[in-house]
Ligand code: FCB
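This document starts with one chain, in the form predicted alone, laid out as C-alpha cells.
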Amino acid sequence: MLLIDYNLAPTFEPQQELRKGTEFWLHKLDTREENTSMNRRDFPEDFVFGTATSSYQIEGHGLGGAGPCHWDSFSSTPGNVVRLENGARACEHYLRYREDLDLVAEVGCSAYRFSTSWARVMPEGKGKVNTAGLDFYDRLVDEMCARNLQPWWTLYHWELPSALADNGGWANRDTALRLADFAHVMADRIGDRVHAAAPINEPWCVAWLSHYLGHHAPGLKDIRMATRAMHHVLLAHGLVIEAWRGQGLENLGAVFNFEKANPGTNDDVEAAKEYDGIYNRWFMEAVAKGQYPADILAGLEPHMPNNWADDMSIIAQPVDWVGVNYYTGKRLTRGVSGTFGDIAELPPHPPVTAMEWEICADWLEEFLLRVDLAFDGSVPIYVTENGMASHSGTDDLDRIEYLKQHFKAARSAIDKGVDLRGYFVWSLMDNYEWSLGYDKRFGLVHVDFETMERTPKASYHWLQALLKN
C-alpha cells in the first residue's frame, strides 16, 4: 500500500505527547474559551454517547472466510477507487476488536454502533453459513457487553455479496427477500444481546449514489436501476423489521442520511427542491407516512417496479426510533441536460472539511426538527453518525471545534422539544473511506495502516474529558 502523508504538524511528536494523555490535551486546550463551554451535564443523564464504525471499512474483508462482495470487484476496476485500494485488510478489526472496544470504553462512551458483513456470514448471500463469521460477531457482542457498552447493530452497511450482485443486486426484488433471511440468521445468534438494531444504513447511498451517480459499488449510472434500488432497499427495511419483530427483537429503528439542499442561485430553487426530495424526503416519508413524495414520484414512476404500491404497508411499519446521519449540505444547480435527477454541485462555502464538505452545525439542528415533525414527534431520535475528515493528524483541534459546534446544535434541538436521546460520533478510528481509499481520516483514533498501531487523537482526549466531567 502506498504510504500517505497525513500532514502531521512538523513540530509535533504524537507518541511522545499522547503518552501524556488527557491532561496534556486539556492543558493544550484550556486557553480556548470553547473548551470550557460544554460538558456532559449539558445533556440528559441517560443521553447515549457512542462511536460508530462499519464492517467493510474496518474488519479486513480478506480475513475469516468472508465471501467476495461487490466492493471487492468495484475497487479492483481502475478509476473507481483511489489507488485501487480495498477493504481486504482495512484496520484488521477482525483481529484487534478487543483493543478497539477498549478504546470505546476508555473514552467514556456508553454505546458502540457496528455493522455485520453479509458476505462474511453468508458468502453466497443465501444458503450456507460461514460459522467463523457468525462466531466473530458473537464474540464481538459479548465483548461489548463485558465493557458495559450498548451494542447498536446495523444489519447492512453496503457490502453486497457478489453472488447477489451478479443476479441484479438491489435492482432485483429478490435481494430484499434475501436480506430478511440474513437478518433472521444474525438475530438467532446475537439478537438476545443487542440493545438496538436497524436494517440498513443510509438507503440513499445504497440506491441513488451507487446506481445513478455511480460513485459507489456497483457503480451504475442508470435511472431505472436506481429507481428500483430505491424501492427495494425500503422494502428490505420493512421485511427485516417484520422478521425481527417475529423473532421477538425490540428497539428497532431506521437510519437515514440527510444533506442540506441549498439553491446555488435564485434560479436554482426547483433543482434544490428536487435534490432534497430524492435525498431527504423519499426514504423518510416512505417509512414515516407510507407514501413517496408526489413531486419525486412523478419523475421516477415510469421506472418503478410493477405493483410497487402493494409494498408500502410493509415499508411503513412503525419503528421505535429514527437515526439521523448528518455531515454537510450542497450548493446546487440544474445539470446541463436539464432532465430529472440531473443536478450539479457548485463550490461549497468555507469552512470545509478534508472531504471539501461545507461545515454548518445549524443544518443538523434543522434536520433534527424536520425528522421530529415528519414522525409527528412520536419516536425518539438519535444522531447515528456525525463527524469530519481532517488532515490535521493527531493534533486535530479542527475536529474538536466541529464536534463542539454540532453537540451544541443537538442541545439546541432538545431545547426546542426534539426527543433526541443519543449521539454517535463517526468514526471511532481512521478507516477505509470507500471510493476515496485510505486518504480521508474521520477517526477519533489515528491508525497507521502499515503497522495497524492505534493512537488516540486530541479529539479523543477532548471527548473523554467531556464525557467524564
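What you see is a predicted model, and the numbers here were worked out from it, not measured in a lab. Note that residue numbering follows the sequence shown and begins at 1.
Although it is not shown, the form predicted together with the ligand is what the next lines describe.
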inquiry  = Looking at Tyr156, Tyr212, Phe182, Tyr327 here, can you tell me which has any non-hydrogen atom within 4.5 angstroms of the ligand in the predicted complex?
reply    = Tyr327
task = Find the only residue in Asn201, Ser390, Ser75, Thr175 having a heavy atom within 4.5 Å of the ligand in the predicted complex.
result = Asn201
task = Tell me, please, which stretch of 60-68, 41-49, 427-435, 404-412 lies within 4.5 angstroms of the ligand in the predicted complex when heavy atoms are compared?
result = 427-435
ask   = So in the predicted complex, does any heavy atom of Glu385 sit within 4.5 Å of the ligand?
value = yes
The ligand contact in the predicted complex: Trp357, any heavy atom under 4.5 Å = yes
ask   = Quick one: is Phe442 in contact with the ligand in the predicted complex, heavy atoms, 4.5 Å cut-off?
value = yes
